[in-house]
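Before any questions on how it binds or moves, here is one chain, the form predicted alone, in C-alpha cells.
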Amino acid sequence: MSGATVAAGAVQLVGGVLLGPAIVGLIQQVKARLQGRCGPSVLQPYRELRRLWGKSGVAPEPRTLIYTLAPAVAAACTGLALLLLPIADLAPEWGLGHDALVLVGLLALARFALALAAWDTAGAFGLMGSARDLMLSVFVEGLLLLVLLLFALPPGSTDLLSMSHAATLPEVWEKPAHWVAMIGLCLVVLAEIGRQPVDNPDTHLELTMIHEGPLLEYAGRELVYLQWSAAARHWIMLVLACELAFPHPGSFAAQIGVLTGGVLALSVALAVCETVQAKMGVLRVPLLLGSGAALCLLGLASWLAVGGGG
C-alpha cells in the first residue's frame, strides 16, 4: 500500500469523523453573515455534541429494541459509507470494495433504521417526519441512481475510484450527460443532507421539518450518534460531488487541494442557497426531484444517441 493510499484513508476517516460538524458550522456561520447576523461559531456543532454526550438519555415508553439500536445502526452505516469514498482517485481496500451501489444501500439503510425507530415509538412528530422522509427518499434514491449511472458511463463501471478518475478526462466534459448529472447531483445533495428548499434544518416547526422529526424522541448520547451521522452525511455528499463532478488532475497533493477547495466552495454555495431560497411545500419537492430525473434521462438518451463514448 503506497503512502498516498494511506493518506487517502486518513482523509476518509478524519474528514468524516472530525470535519463533518465543521461543515455544518461553516454553513451556519456563512448563512448568518449573509443575513447580517454574527451567528454561531464554526465550532458550535462540536460544543453541542460535547454537551449532549454528558447528558443522560430519556427513553419514551413504550419502546422496543428497534428504538435502542437505531442510532447505532445509523452511525455504523454512515461510518461504513465513509470508507467507500474516493479521495483523489485513491482509497484503501477496507474489505468493502468501492461500489457506488453499496454506498447508496448504506445511506438508505441508515434512513430506514431511523424511520423504524420513529414508527416504534409512534410519536406524532417522529411519524410525521419519517413518513415525509420515506416519501421523498423514493425520489431522492431514484435520482441518485440515475446520476450515478451517468457518471458510470464513461468508465463503464460503478466503481467509485474509476468514476472519480473519469472526471479528470477532458473528453468527459464534452458530453451533455456529464453536465446533466452534475445538475442532478446538486439536487441530491440538497435532499440528502436536508437543506432548503427541500428541508429546513434550523427549525422544529411541525409543518416544515422532515429530517429533524425522528430525532425528537432521542436525547443524550443516542442523539450524539444521530447528529454526528447527519454531519458526516454532509461530508459524504460534498466529497462525492467534488470527486465525481469536478475535474481534479495533477499530483495527489494537488488533488487534495482541489478537494478541500471544492468542499469549502460547496459549503458556501449551500449557505447562499439557503439564504435566497425559501423552503418548498413538501408536495412540491417530488416535482423538483422528478424534474432532475427527467433531465438525467435526457442525458442518458443523448449518450446513447451518439453511440456511447463515440
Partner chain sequence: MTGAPQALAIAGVLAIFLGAINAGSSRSPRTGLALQSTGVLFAGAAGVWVLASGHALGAAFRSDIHPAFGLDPLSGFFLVIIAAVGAPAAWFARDSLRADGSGRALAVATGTFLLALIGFVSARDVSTFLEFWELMTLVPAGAILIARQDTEARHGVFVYLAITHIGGACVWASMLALAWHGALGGHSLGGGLAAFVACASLVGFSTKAGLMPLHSWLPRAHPLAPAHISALMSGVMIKLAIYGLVRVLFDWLAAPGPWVGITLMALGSLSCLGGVLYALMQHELKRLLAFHSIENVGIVALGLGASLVLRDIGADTWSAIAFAAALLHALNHALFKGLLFLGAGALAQAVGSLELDRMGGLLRRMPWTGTTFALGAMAIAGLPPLNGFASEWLTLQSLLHLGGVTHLGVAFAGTIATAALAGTAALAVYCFVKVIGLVLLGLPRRPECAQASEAPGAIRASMVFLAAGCVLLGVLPGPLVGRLAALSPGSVSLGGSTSLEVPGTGSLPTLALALALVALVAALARLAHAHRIAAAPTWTCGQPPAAALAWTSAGFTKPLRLVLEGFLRPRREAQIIVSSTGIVEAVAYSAEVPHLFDTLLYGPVSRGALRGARVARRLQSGSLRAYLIYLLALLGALLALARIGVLG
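Positions refer to the first chain, counted from 1. Everything numeric here is computed off the predicted structure, so don't read it as measured data.
Quick note: we don't show the form predicted together with its partner chain, though the next part is all about it.
- The closest heavy atom approach of residue 217 to its partner chain in the predicted bound form falls within 4.5 Å.
- In the predicted bound form, its partner chain stays beyond 4.5 Å of every heavy atom belonging to residue 178.
- A residue is said to contact a partner when one of its heavy atoms sits within 4.5 Å of a partner heavy atom; residue 95 meets this definition for its partner chain in the predicted bound form.
- Within this chain, residue 225 lines the site of its partner chain in the predicted bound form, having a heavy atom no more than 4.5 Å away.
- The partner is absent here, but in the predicted bound form a heavy atom of 283, alone among 278, 265, 283, 43, sits within 4.5 Å of its partner chain.
- Considering its partner chain in the predicted bound form, the lone stretch of 170-178, 231-239, 72-80, 187-195 in range is 72-80 [heavy atom distance within 4.5 Å].
- The putative spot formed by 122, 130 and 137 is fully lined by its partner chain in the predicted bound form; each residue has a non-hydrogen atom within 4.5 angstroms of it.
- Scanning 36-59 for heavy atoms within 4.5 Å of its partner chain in the predicted bound form gives 53, 54, 55, 56, 57, 58, 59 in sequence order.
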